[in-house]
Ligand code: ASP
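Presented as structure tokens, the chain that follows is alone, the form predicted on its own.
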Amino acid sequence: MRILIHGGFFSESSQSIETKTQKQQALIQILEKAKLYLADHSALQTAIYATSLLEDDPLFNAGIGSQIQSDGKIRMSAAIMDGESQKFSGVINIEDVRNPIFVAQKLMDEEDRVLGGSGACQYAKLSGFDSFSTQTEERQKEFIAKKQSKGTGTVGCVVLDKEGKLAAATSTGGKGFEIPGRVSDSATIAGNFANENCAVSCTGVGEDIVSNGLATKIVTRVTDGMTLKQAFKKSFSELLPYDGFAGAIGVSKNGDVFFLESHPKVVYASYNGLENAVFM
């Protein structure tokens, strides 16, 4: 069994050592809960659960604490992919829900599994999700001051369960001050992808990740015979021509785990079946 989670990029210049320590501690606590959950749940269920815990922590830019867009509204995106069934579901620019990842989970049972904007919001409302403001005092102060928080990024999780099944989940609160309607990578197969061989979740600049098709490239290369490390290295090298800004976590069916960033530092935590590790 394997679990990797990421909490987006951390900026040494704009975030304090205290914040760094808080994020490290939060990741370990979430990882511990996810480990216990994985003992009697599937890879997909665990990826969703761990991502929901990240959404619930205002230290990370997803769910509670999401960034505010240029028109003063918060719009979030999230996606899940089940490596076994090859089903992908997600929401794009959804508003007023606590956990976008749970709406993505609900959509997994629908024929139309990726919804955006007002359609996603209406679906959540009709499905019984309570209206919930994810805005925090800190984000509001940043917006009033026209100061975009740097280094928060996307959150995500990849899991290999005891039956050898794989899944990925990713959630974001956006980059802050973006043009309303912007689509990030998080609810696309560029930022979140899994099959029976590999699962990958990305963070960083959505436009760069989409341009590279990062998650899909890594998974496809593992499927075609590359090791996980080789697939990461090759795919990240293709970001270089345009100085692409990205980070990713991945796990393969044989239990290999790997993470990489083009611009340090991403906040990672992993469980390799025996012990935990935190990287920042």
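The structure displayed is predicted, hence computed values, not measured ones. Numbers for residues come from their place in the sequence shown, where the first is 1.
Not pictured, yet referred to below: the form predicted together with this ligand.
Residue heavy atoms within 4.5 Å of this ligand in the model of the complex occur in exactly one stretch of 156-164, 111-119, 126-134, 204-212, and that stretch is 204-212.
Although the partner is absent here, Arg182 is a contact residue: one of its heavy atoms lies within 4.5 angstroms of this ligand in the model of the complex. Taking the partner from the other structure, this ligand in the model of the complex has no heavy atom within 4.5 Å of any heavy atom of Arg139. In the model of the complex, at least one heavy atom of Ser186 sits within 4.5 Å of this ligand. Mapping the unseen interface onto this chain, Asn192 falls outside it, with no heavy atom inside 4.5 Å of this ligand in the model of the complex. The partner is not shown here, but in the model of the complex the stretch 156-176 reaches within 4.5 angstroms of this ligand through a heavy atom at Thr172, Gly174, Lys175.
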